[in-house]
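Heads up, the chain below is alone and in the form predicted on its own; it's given as structure tokens.
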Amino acid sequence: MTGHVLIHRFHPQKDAVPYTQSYTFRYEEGMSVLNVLNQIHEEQDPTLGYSYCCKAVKCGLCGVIINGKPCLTCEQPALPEMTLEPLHGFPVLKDLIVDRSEYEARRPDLRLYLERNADPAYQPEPIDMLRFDWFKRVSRCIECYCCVSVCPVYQKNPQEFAGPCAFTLEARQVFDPRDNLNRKILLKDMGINQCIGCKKCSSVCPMDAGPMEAILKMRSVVCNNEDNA
């Protein structure tokens, strides 16, 4: 069976404006979108730009917009008719490859390391299992930035709102039962109160890390000084 795919093309050093290029491919039941891109790259167009690494939903590098929805190409089953675009909200380096450097440059400001006031009084130290359940969930994040590409608040004002991925990473520290740092000021500086709870970020998260739920939980527990239960 022959499939058809429209792919966003743009090379900033060569093209004045983006354009769309049509390709046909050998469609087979069960193939992934990444399989399609590899087939086109190997057999038709070696200039096609796209990113991937692990092929196993681990690295987060292969996120693109597939038929209007952010997905991972290694995970998403191919369809006979598709349109592929780069993730929204990021500069395009080439075709489907986006520049992540500006977003990732903010990582050091998140203090993504364990902050302890003192060593535990005894071992094994007690663990708050409710906080640990949240910690496990947000730790699923693979930083694919699918959530960032659909966040209306980040798209409108990226300088004042850190974006759902940054908050999910921060939540690992907030919900780590061993972390003692009061992260209230940091979360407010990241713009946590600007989240509108639209659920778009959680709806596209391939790992079900729950970015919106984590944001709302942190806003309730940390920023409102409520009990951590």
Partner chain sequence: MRRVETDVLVVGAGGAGMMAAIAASRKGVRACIVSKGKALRSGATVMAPGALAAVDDRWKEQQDSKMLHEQDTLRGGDWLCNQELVRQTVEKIGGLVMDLERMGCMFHRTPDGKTLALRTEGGHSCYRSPYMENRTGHEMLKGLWGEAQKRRIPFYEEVMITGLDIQNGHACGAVGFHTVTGEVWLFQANAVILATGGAGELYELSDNSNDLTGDGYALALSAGAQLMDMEFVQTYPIGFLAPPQLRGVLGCYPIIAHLHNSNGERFMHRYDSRLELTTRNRLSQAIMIEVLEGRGSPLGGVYCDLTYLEKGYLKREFPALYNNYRSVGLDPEKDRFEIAPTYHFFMGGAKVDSNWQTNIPGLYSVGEAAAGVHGSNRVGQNALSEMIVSAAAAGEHSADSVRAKRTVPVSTGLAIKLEKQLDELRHSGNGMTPGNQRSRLQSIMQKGASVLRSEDSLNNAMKELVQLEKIPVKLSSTDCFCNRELLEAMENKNLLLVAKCVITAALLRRETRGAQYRHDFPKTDWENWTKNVLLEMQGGNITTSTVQVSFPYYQPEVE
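Predicted model only: the values in this text are computed from it and were never measured. Positions refer to the first chain, counted from 1.
Unshown form predicted together with its partner chain; subsequent notes refer to it.
Peer 1: Looking at Cys141, Cys151, Cys146, Leu84, which has any heavy atom no more than 4.5 Å from its partner chain in the predicted complex?
Peer 2: Residue within 4.5 Å of the partner: Cys141.
Peer 1: Select from the listed residues Ile196, Ile185, Leu181, Cys53 the one whose heavy atoms reach within 4.5 Å of its partner chain in the predicted complex.
Peer 2: It is Cys53.
Peer 1: If you check in the predicted complex, is Asp189 within 4.5 Å of its partner chain, heavy atoms only?
Peer 2: The answer is no: Asp189 has no heavy atom within 4.5 Å of its partner chain.
Peer 1: Does its partner chain come within 4.5 Å of any heavy atom of Cys74 in the predicted complex?
Peer 2: Result yes; Cys74 sits at the interface with its partner chain in the predicted complex.
Peer 1: Would you please decide whether Glu28 lies within 4.5 angstroms of its partner chain in the predicted complex, comparing each non-hydrogen atom pair?
Peer 2: Yes.
Peer 1: Indicate whether Thr47 is a 4.5 Å heavy atom neighbour of its partner chain in the predicted complex.
Peer 2: Yes, contact at 4.5 Å.
Peer 1: Decide yes or no: are Ile97, Glu104 and Arg172 jointly within 4.5 Å of its partner chain in the predicted complex, with each residue judged by its heavy atoms?
Peer 2: Yes: Ile97, Glu104 and Arg172 each sit within 4.5 Å of its partner chain in the predicted complex.
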